[in-house]
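Before any questions on how it binds or moves, here is one chain, the form predicted on its own, in structure tokens.
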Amino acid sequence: MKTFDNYINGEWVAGASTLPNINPSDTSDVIGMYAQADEAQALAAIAAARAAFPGWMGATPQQRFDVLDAVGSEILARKDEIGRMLSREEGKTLPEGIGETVRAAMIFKFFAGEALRVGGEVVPSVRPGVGVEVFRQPIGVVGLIAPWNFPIAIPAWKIAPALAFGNCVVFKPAELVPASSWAIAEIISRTALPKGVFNLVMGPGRSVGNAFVNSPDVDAISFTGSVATGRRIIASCAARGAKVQCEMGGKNPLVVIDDADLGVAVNAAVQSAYFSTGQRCTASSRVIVTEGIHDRFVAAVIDKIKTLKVDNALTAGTDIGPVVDETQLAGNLKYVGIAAQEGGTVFGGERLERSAKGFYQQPALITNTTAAMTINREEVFGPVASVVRVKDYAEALHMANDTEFGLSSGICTTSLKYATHFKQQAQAGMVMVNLPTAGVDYHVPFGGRKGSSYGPREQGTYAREFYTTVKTAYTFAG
């Protein structure tokens, strides 16, 4: 069994221990043993990044472009290989795994270009003989902590802008899916990036993550994960004055109005709720349907669910792969049970057996729910969706906004009036009209409101707000 090491200060370093990377489609398939760092190794990576920062800060935009473009090009050239590995470790279907890999490649290439476009301003002072320059500089050492549900895209959209703007990186991937992040690190290790600028430290949050968050040598933390962990990170960073960016939970609504095209609405709901096994923070787990279309919509969604093939992520024709692990599956099943106990009518949702032992679940649709039910208040993060019947658009909008989260929100309607109003009034960072709530472009900002997000947006040109600091310089010409 091959062991995959951490990458610290330009060297491959064995961990304090190792952890198997298990295929959720077939638990007998162990992808490899991956190093688990302890706190001492995390601190060594931080020290290496700190030492490398002055040199990388002074690198030319062309040097940064060349490194990031090379990484993007290799990921793109190896999309089938890396995408297959991603699907094997996380459980996305093979087309989804390859698609995510292509997205990661394009993110690296986008930020290669951003390295050349940082820009600045030269403005006249209000005082005679004084010139003013406003420019951006890197913030220093950045700790990046990624989740398991997008094993290569989310690491890419954190690593690429951090390096593009001249920062040094200490990066911790999720323990469940280290292979995709290790592939990025291995590609980076063969570029011209100076040693110490990028460090991969695989390991548990209690040692590696806490070391990143609490170290005075880490200037900023970018985290994607659970609400509880995110709030602890925000508090810790605030206490020591570190910059922090957190993407956390979602309870995303999809509103379906009476005038919606039924086929469009069903496709948006099924894609949002069930594809990628519902394991997306932008997944629509609440479908809010006005009473005139409610019964037809529910019947059509159930008919569609019956056609979906749940199987091994690598099997041709699979629509939905397994849940990521036993713990997540148990949580999903618990929420389905609670919904039934609270009065919901459940279609599907049961555990499935396949030819190989894995973590398979039939997609669940829960009807006859109310806004106060647990299934409509808490994030499930699985192939589980609830339906709430409402009287009209006004009630639907109110219910859509009745949540502590605000990441993504969608509406299906043929009315320009309702679409325009919803785009303005939905309390979410992203709004979709006649589209699934999940599925975003890599060149525009990503993030939410309320309990979903904290700090500047990720992705696109807006990423520079987090990964740089603004400096104003005055010069007296005499």
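What you are looking at is a predicted structure, and each value in this text was computed from that prediction instead of being measured. Note that residue numbering begins at 1 and tracks the sequence as displayed.
Beyond what is shown, the protein has a form predicted together with a small molecule; the following relates to that form.
Peer 1: Looking at P147, G348, G344, G140, which is the one with a non-hydrogen atom within 4.5 Å of the small molecule in the model of the complex?
Peer 2: Residue within 4.5 Å of the partner: P147.
Peer 1: Of the residues A339, A364, V71, L407, which one places a heavy atom within 4.5 Å of the small molecule in the model of the complex?
Peer 2: Looking at A339, A364, V71, L407 one by one, just L407 meets the 4.5 Å heavy-atom criterion.
Peer 1: Using heavy atoms and a 4.5 Å cut-off, decide whether G205, G225 and I233 all contact the small molecule in the model of the complex.
Peer 2: Checked in the model of the complex: all three residues contact the small molecule.
Peer 1: In terms of non-hydrogen atoms within 4.5 angstroms, which of the given stretches 106 to 114, 286 to 294, 147 to 155, 125 to 133 touches the small molecule in the model of the complex?
Peer 2: Correct option: 147 to 155.
Peer 1: Using 4.5 Å between non-hydrogen atoms, is E96 touching the small molecule in the model of the complex?
Peer 2: E96: no, not in contact with the small molecule in the model of the complex.
Peer 1: I'd like to know if Y418 sits close to the small molecule in the model of the complex, meaning any non-hydrogen atom pair within 4.5 angstroms.
Peer 2: Judged by the heavy-atom cut-off of 4.5 Å, Y418 is well away from the small molecule in the model of the complex.
Peer 1: My question is simply whether F381 lines the interface with the small molecule in the model of the complex - judged by any non-hydrogen atom within 4.5 Å.
Peer 2: Yes - in the model of the complex, heavy atoms of F381 and the small molecule come within 4.5 Å of each other.
Peer 1: Quick check on L333: any heavy atom within 4.5 Å of the small molecule in the model of the complex?
Peer 2: No.
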